[in-house]
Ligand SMILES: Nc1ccn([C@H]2C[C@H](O)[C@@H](COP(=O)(O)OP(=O)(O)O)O2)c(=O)n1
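As structure tokens, one chain now follows by itself in the form predicted alone.
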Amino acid sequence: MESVIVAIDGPSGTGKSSTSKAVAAKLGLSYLDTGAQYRAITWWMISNGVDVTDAEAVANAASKPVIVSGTDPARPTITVDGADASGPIRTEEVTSKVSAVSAVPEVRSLITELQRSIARGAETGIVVEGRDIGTTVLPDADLKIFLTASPEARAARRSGELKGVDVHATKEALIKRDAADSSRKTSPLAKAGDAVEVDTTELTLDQVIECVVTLVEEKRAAVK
């Protein structure tokens, strides 16, 4: 099978992570959750007393943490300075502050280069998911996919993942996050001009996975 680089972008709650991991596992590709890297650096900032609302302070500290991402889709890992960060980066505090940290150009520059180096090193190919992969990080990716879904569907999914969370509040938080990610000056959330858009609102996860696997297999066949 031909090596292939797949970029999957889209806002929260569209099924990016679940789809990307499953597609990578089915096709024998590596997997990278770029959002986890931004969460990791945000968690480090919080843990080390950096004021995340102070862009200059964030920029000055951006190069200090050592972030390492494992790319096995069956067991993706992420460490910060050698410590497992997979749990701590999913807290509500990190979620509420990651957009501010991600918007700092120095942070994006460092993380983007880290992501590119990981993609270059994936010998059998890789599925990279995030918000600016097809537009900024890997503009020459073999296949670009942009997942979308209605705010209502996304909120229902996210509330299902986080038991007991109010759906309306989740919807409002997602819309706020979308606005922040889409309006930032550096690498905003956007659909690449040559990306294939997949609306997951009415699709089951298995259907989304099947759709993306088919797109990847078609691309692989085309580049042989």
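Quick caveat: nothing in here was measured; it's all calculated off a predicted structure. In case it trips you up, residue 1 is the first one in the sequence shown, and so on.
Unshown form predicted together with this ligand; subsequent notes refer to it.
Visitor: Place this ligand, as positioned in the predicted complex, onto this chain through superposition of its site C-alphas, and say whether the site is open or blocked according to the 2.4 Å backbone and C-beta criterion (3 or more atoms for blocked).
Guide: This form leaves the site open.
Visitor: Can we say 30, 73 and 144 each have a non-hydrogen atom within 4.5 Å of this ligand in the predicted complex?
Guide: Heavy-atom distance to this ligand in the predicted complex: none of the three under 4.5 Å.
Visitor: With the cut-off set at 4.5 Å between non-hydrogen atoms, does residue 36 touch this ligand in the predicted complex?
Guide: Flag for residue 36 set to yes.
Visitor: If you check in the predicted complex, is residue 98 within 4.5 Å of this ligand, heavy atoms only?
Guide: Residue 98: contacts this ligand in the predicted complex.
Visitor: With the cut-off set at 4.5 Å between non-hydrogen atoms, does residue 191 touch this ligand in the predicted complex?
Guide: Taking the distances in the predicted complex, the answer for residue 191 is no, it never comes within 4.5 Å of this ligand.
Visitor: Can you work out whether residue 26 and this ligand are in contact in the predicted complex, taking contact to mean some heavy atom pair no more than 4.5 Å apart?
Guide: No, no contact at 4.5 Å.
Visitor: Suppose contact means any heavy atom within 4.5 Å; which members of 6-23 contact this ligand in the predicted complex?
Guide: The stretch touches the partner through 12, 13, 16.
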